[in-house]
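Next comes just one chain, in structure tokens: the form predicted alone.
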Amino acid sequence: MPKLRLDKFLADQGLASRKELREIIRSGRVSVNGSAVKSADWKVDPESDQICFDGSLITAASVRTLMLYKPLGVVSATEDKNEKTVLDLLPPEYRRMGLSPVGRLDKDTSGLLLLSNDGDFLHRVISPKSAVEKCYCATVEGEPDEEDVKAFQEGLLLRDGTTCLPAKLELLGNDRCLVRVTEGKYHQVRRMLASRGLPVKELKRLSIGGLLLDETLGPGGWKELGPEDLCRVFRT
């Protein structure tokens, strides 16, 4: 591994911003191989050097996956000239970690979105072969009924000729329902409901596989996920 500036390495681990770390390093709170280092541009090799922050050993956490409670009005992209992106919701140090949305939620859809810099995990989640089920709560114009449930079970042919695999529609009463799909076609849930004469007024993703949205985060909130959380994605 090539050597890195000390402040960059620590920022990549999400400890603080580069600006904050320069002051922390100058104060003598960081050591390399047992000796205090007060220069932010000191070069370190994370694979061979022992780097400590306030006495705690810091190791490179190169692979990160976050759960984000995506709010309305934000696009699922890494950058956009005109719109606020999901990465804009994160602290600067996390925006430098190479995170990308795992699949997408459109601008007018809220709820669970994963962000990861683990390419293998990302592709496994979105691959049709994995058939990871995503659950959405929809509020629609009209009232879905058992005929709509049956149509979803049989698979839908959309107005533009797109074929959708069989999906699950659960009635919640009045104008609300749950939709469970294993595909990720463009605006799929909205288009499926619209094809049944049920235009969507509100849409929120609740789960990916067996991983549920942490409602305590609130819109715009996020948290890091551990190995057990990631395994839940592939459970039903």
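The numbering used is simple: start at 1 and walk along the sequence shown. Owing to the predicted nature of the structure, the values given are computational and were not obtained by experimental measurement.
The discussion below concerns the form predicted together with uracil (URA), not included here.
*Asks:* For this chain shown on its own, do Lys8, Asp12 and Arg96 all sit within 4.5 Å of uracil (URA) in the predicted complex, going by heavy atoms?
*Replies:* Answer is no for this spot.
*Asks:* Taking heavy atoms and a 4.5 Å cut-off, does Thr109 contact uracil (URA) in the predicted complex?
*Replies:* Close contact exists here: in the predicted complex, Thr109 approaches uracil (URA) to within 4.5 Å, heavy atoms only.
*Asks:* In the predicted complex, does Phe152 come within 4.5 Å of uracil (URA), counting heavy atoms only?
*Replies:* Residue-level check for Phe152: no, no contact with uracil (URA).
*Asks:* Would Gln188 show up as a contact with uracil (URA) in the predicted complex if we use heavy atoms at 4.5 Å?
*Replies:* Taking the distances in the predicted complex, the answer for Gln188 is yes, it comes within 4.5 Å of uracil (URA).
*Asks:* Can Leu203 be called a contact residue for uracil (URA) in the predicted complex at 4.5 Å between heavy atoms?
*Replies:* Yes - in the predicted complex, heavy atoms of Leu203 and uracil (URA) come within 4.5 Å of each other.
*Asks:* Among the candidate residues Val86, Val140, Leu105, Val102, which is the single one with a non-hydrogen atom no more than 4.5 Å from uracil (URA) in the predicted complex?
*Replies:* Partner contact (heavy atom, 4.5 Å) among the options: Leu105.
*Asks:* For the interface check, one of 180-188, 51-59, 30-38, 163-171 should have non-hydrogen atoms within 4.5 Å of uracil (URA) in the predicted complex; which one?
*Replies:* Looking at the partner contacts, the answer comes out as 180-188.
*Asks:* Can you name the residues of 131-154 that have a heavy atom within 4.5 Å of uracil (URA) in the predicted complex?
*Replies:* Sequence-ordered list has one entry, Tyr136.
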